[in-house]
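A single chain, nothing else alongside it, follows as structure tokens in the form predicted alone.
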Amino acid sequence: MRHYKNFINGGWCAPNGGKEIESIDPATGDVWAFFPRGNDVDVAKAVEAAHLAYTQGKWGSFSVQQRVDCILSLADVLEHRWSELVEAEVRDNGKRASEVEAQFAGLHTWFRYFAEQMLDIESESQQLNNQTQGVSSTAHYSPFGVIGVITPWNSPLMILAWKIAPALAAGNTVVIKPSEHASASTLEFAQLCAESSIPAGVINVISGLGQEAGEPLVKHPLTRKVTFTGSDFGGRKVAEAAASGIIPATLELGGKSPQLLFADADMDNAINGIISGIFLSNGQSCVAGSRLIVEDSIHDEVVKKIIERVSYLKAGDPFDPKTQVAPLANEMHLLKVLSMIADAKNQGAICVCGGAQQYPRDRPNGFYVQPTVFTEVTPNMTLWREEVFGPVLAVIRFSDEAEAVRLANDTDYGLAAGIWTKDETRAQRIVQQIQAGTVYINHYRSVDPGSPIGGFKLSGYGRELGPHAVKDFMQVKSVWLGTAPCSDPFPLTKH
């Protein structure tokens, strides 16, 4: 049984008040660890430590190259010791070990990429209006200071890397509040940070509940920017708290992503992409392709192929390489997914595959749900409109391109979308009409440090990753230089 502590100023600290949060292994239903239940006192200590590291410590006085060298030292540690982090995340959120290993083996690349990106950021001369004579202007980029980082439970450590790698490269310090449902891998990661050359106080971790730790972090007067990934409900809370302090926020929220499948598509490729998009990670992905919009002429064939593929998937121990279906991350989420499946049935959708909890022989008390497919879904159904965040696919027919686009955009979200067709002209035409931050063509679910990710509508605002990720964690300062004497605005007048 593990009892974790908060990580503040390079050391481990018991939470103020001594309260803890149980972490239940979703594959077994057993408690395996306890997280600190931090509160506003713990948050204040962490933020103040981060602020001092930024204003008075080595970090704030380092050159860009010195800071980059520190980040690269962390990358070196991660490259050689990432495997030490796998068990904690699998036991925390139930994701298959094979998926976690694939993510963690590349963690170091995120830090290397943005460290190198920082080396290319310089002050920029500005193109001024010709009427402005005798002056020049330069844009300088400087860090915000303390960044509040709030991460979700589905891929906590990978998403953390997306956020803090560019934030650190930009020269900021960070206070991280991981999800109370999955804090272990982040706390284990903090230990590796302590073994790198990044100075104490630059990276801090406070575990706790949203109201008790997350809100105080966003509202602390020394927090200068916040980045959040989670539900749209949580995003609203973060946005309100950030607005009260007039601080910027980047929000990457929920999704109800459509997959548009045309009759001319490469069927095998499309089926692989669609199954990956919704059933890999149990649909517990922000970009999960949960709405399949399929051309009427191939509807029955597509549904049949999907059922054939997923009905034989094996559920079991997420550490077993043969396991294809892992548990959902926690019991509360299991109940939510089962409730939405029941609602879909009651509203008239036809469950053609799965649709129930399952009990693997070796993990009978785990939080497992069968991969589920619904047909005869209509746009007024809850299953079409609300994010399930589980292994549940809603299938609907379309007759022409205009209807497909209309159905795709018939959502309050706009995080991702997939288009499956051999007609490149059509694909590019549809891309311009789809209301989503990421659109995949004949492919799905990739992410890369060089490509921005973020949403339209209720899926949030701001972008993470991409060519401007480091600058997103910096403020712009205009510096004007006089190149000619100032004229007297009030010349003396002789009387």
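The first residue of the shown sequence is 1; numbering continues from there. Bear in mind that the values here come from a model prediction, so they are computed numbers and not experimental data.
Beyond the structure shown, there is the form predicted together with nicotinamide-adenine-dinucleotide, which is absent from this document and is the topic of what follows.
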{"property": "Residue (of Asn172, Thr223, Asn154, Ser185) lying close to nicotinamide-adenine-dinucleotide in the predicted complex, criterion heavy atoms within 4.5 Å", "result": "Asn154"}
{"property": "Among the candidates Thr372, Thr411, Ser290, Thr229, the residue which, in the predicted complex, approaches nicotinamide-adenine-dinucleotide to within 4.5 Å (heavy atoms)", "result": "Thr229"}
{"property": "Contact flag, Glu180 vs nicotinamide-adenine-dinucleotide in the predicted complex, heavy atom cut 4.5 Å", "result": "yes"}
{"property": "Ile350: touches nicotinamide-adenine-dinucleotide in the predicted complex, heavy atom cutoff 4.5 angstroms", "result": "no"}
{"property": "In the predicted complex, His108 touching nicotinamide-adenine-dinucleotide (heavy atom, 4.5 Å)", "result": "no"}
{"property": "4.5 Å heavy atom contact, Glu401 and nicotinamide-adenine-dinucleotide in the predicted complex", "result": "no"}
{"property": "Per-stretch contact check against nicotinamide-adenine-dinucleotide in the predicted complex, the hit in 234 to 242, 274 to 282, 377 to 385, 80 to 88 (non-hydrogen atom, 4.5 angstroms)", "result": "234 to 242"}
{"property": "Glu48, Ile164 and Val202 each touching nicotinamide-adenine-dinucleotide in the predicted complex (heavy atom, 4.5 Å)", "result": "no"}
{"property": "Interface residues of 410 to 427 toward nicotinamide-adenine-dinucleotide, as seen in the predicted complex [heavy atoms, 4.5 Å]", "result": "Leu415"}
